[in-house]
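Same chain, two forms, each on its own as structure tokens: structure 1, then structure 2.
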Structure 1
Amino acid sequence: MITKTPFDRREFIKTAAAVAGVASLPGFAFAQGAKVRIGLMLPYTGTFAQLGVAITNGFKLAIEENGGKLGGRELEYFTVDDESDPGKATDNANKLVTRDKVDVLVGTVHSGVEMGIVKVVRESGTLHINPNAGAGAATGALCAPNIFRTSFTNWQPSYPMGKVLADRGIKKVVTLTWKYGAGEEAIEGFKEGFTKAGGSIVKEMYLPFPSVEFQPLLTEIASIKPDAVFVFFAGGGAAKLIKDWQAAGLKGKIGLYGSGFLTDGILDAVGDAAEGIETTLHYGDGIETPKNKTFRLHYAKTYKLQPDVYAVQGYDAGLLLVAGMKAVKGDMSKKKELYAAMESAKIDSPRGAWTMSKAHNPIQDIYLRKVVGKENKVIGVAHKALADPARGCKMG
């Protein structure tokens, strides 16, 4: 005969409360073996596809070098190709945050897409690490405790070239860029550094993005005869400008300078036209440190590719997350402690050690580089430990 135990409602409520209490304890979920959900929102097709792949490779390499775990927890990746399309940015970010419920959103390359990500993560509180996009607002007026950057602001690589040129006695400069956010912010950075050091901007020139009809502008530059020209271009546009500059007979007559994206990744395409061009950037060829040598060797061995600045930024995004997760032993519910650990981390980077500013940007050395053959050779440090001014950032 089976004896039925009388149902005790008070006992049930007590037991249910106890279970609920355990489930709500910090770390309960990950103690049950839950994986850290990493969202990668990067361009995997189109113009910037190579950059997205390099960032992904670098990020995964950093995790792999640290045992393949974060604070003792396994990882699971969720990827979205953002196509470098700002119009799809909010929907794409929401796919990762709402549908995939990622713990961390890593992205992106395009500044316009980054603005969409920032909107979503500010609303959701999701931890966000930006491994490239230089939009100033992301860590300026729209800064937040959960938003971190491991690359640069558009202002940062350009600002030091102003003093470099002024120190050489260059007084009058023409600026040239595409008429879009990244170009305008880069030019503003250079202008600030150059005018502060006593130089003057003779003329500011713009092309609609992504036009490469440089010829009329180069003719005008030749007639102005400035001491130098400072530009912001990247990729195919940069390659076309450098070749057109040589074809117009300006090479060797007027100095052409820019932030380092001008000559990164395009040297094979332009032949000798880029020889001698000087740029400023937070990475370059020939940084003779054990860390950089080991990184380059490991990356090349793992991916059968040579790493670039984008791979370094992805790698450092991984190192930053490793540092934060180690401090909280994988418990992402401890947001305050996690963010504090990321803020105070000293990143042993291939570019050189760097720390995080209060606005969550790298405080980093900006190198002076010169094109020598097929390399952007580091020839000096244009500015030690430079922090972006992060204007408009009110953290908290």
Structure 2
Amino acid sequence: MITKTPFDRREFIKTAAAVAGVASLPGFAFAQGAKVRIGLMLPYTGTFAQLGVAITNGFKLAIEENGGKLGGRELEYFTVDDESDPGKATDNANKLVTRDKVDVLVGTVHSGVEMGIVKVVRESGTLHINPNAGAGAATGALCAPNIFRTSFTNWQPSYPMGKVLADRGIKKVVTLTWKYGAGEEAIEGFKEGFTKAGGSIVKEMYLPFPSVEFQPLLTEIASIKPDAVFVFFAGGGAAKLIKDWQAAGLKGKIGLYGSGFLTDGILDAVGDAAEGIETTLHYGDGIETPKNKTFRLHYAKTYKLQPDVYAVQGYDAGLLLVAGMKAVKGDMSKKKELYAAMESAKIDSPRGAWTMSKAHNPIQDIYLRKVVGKENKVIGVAHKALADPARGCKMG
């Protein structure tokens, strides 16, 4: 049997008016002391596992250094291991957005997985901060007011290496990478810079992600005898390539160059095989600024690990969110003000201070680095204040 509560019209109007009144007060959405719900969607297994850990550590360090709160609110973490698997990306992002109802989705490392996140956050309007994946479209054709990146586009760190090599008289280059979005875009960036400066690509080589079967390709490189080889690899795959390069007898015979992901975070794993490798990136271990020194000390003390570029990008994602939340005093319903504050934030980063482009990607210096012992030592600036062209972005 269905029992109906008698409908009292006057009581209903009184209650509705009271609810509407409270709801319109600023800060109603978090007035009950609700915690900010942070979704971390990163790889914690597979070839990029260490990158996911470093980003998480950096992000949490920035929040702790700023009092452990966001705009005065406590926070709560929801974590998903995305396994760097693009096939699971939209399901994983939906778990955080729909099931866990996160206020902000922070992730990820792999460009293919990032495309799944972008789809979900464009549909749901969830605030998204990308602390690594370089997929150009995220701040290009698919840019959006709620999508921010604290890292780079795949084009950005590779493009300047083209001119660096051409200026040294290097004319014939072979490229080698994993066949997926990040690899292809990184090679395109290098090719654009190199061919503009007069160089030519004699062969483009690929292997499927995350394969590390380098041997046949290294044999072919030895027979081509190019002036140099430019690569995009990162994490476990990068460490394996550097070791195989030495084992194949190519070290010291053919120059091996890349974007700095090749040598970041893996120097302990490769012994002396990486010594002398030059790369271009928006960070270097020995940047001589008080900010970088403090960051490195604090990170090492907290995690008993040396930080790398991934830790810096995670840290900057934390700083960006702190800046935005401070501006709206924790009230995330003020989306316009929140996004405007994040867009205009000047991030005091260990890499050097940077600002956001209109497409929400860092405008930053790209350093030339050289492996010396266990350090990616900065030996010059390959490009000052480089902004991604953000091709196709209709925002701003």
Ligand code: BEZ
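If you're wondering where the values come from, they're calculated on a predicted model, not measured in any experiment. Along the sequence of structure 1, residues get numbers from 1 upward. Definition used throughout: the rigid core is the maximal C-alpha set that superposes within 1.5 Å between two forms.
Item to check | Assignment: the form predicted on its own | outcome: Structure 1, which is the form predicted on its own, differs in this respect from structure 2.
Next on the checklist: Superposing on the rigid core, is the Cα displacement of residue 301 between the two structures 2 Å or more?
Outcome noted: Comparing the forms between the two structures, which are aligned on their rigid core, residue 301 does not shift its C-alpha by 2 Å or more.
Item to check | Core-aligned C-alpha movement of residue 115 between the two structures, 2 Å or more | outcome: No, shifts by less than 2 Å.
Checklist entry - Core aligned, does the CA of residue 227 move at least 2 Å between the two structures? => result Residue 227: C-alpha displaced by 2 Å or more between the two structures.
Item to check | Core-fitted comparison between the two structures - CA shift at residue 180, Å | outcome: Between its two positions, the C-alpha of residue 180 lies 2.3 Å apart after core fitting.
Next on the checklist: Could you tell me the distance the CA of residue 245 travels between the two structures after a rigid core superposition, in angstrom?
Outcome noted: Superposing on the rigid core gives a C-alpha shift of 4.4 Å for residue 245.
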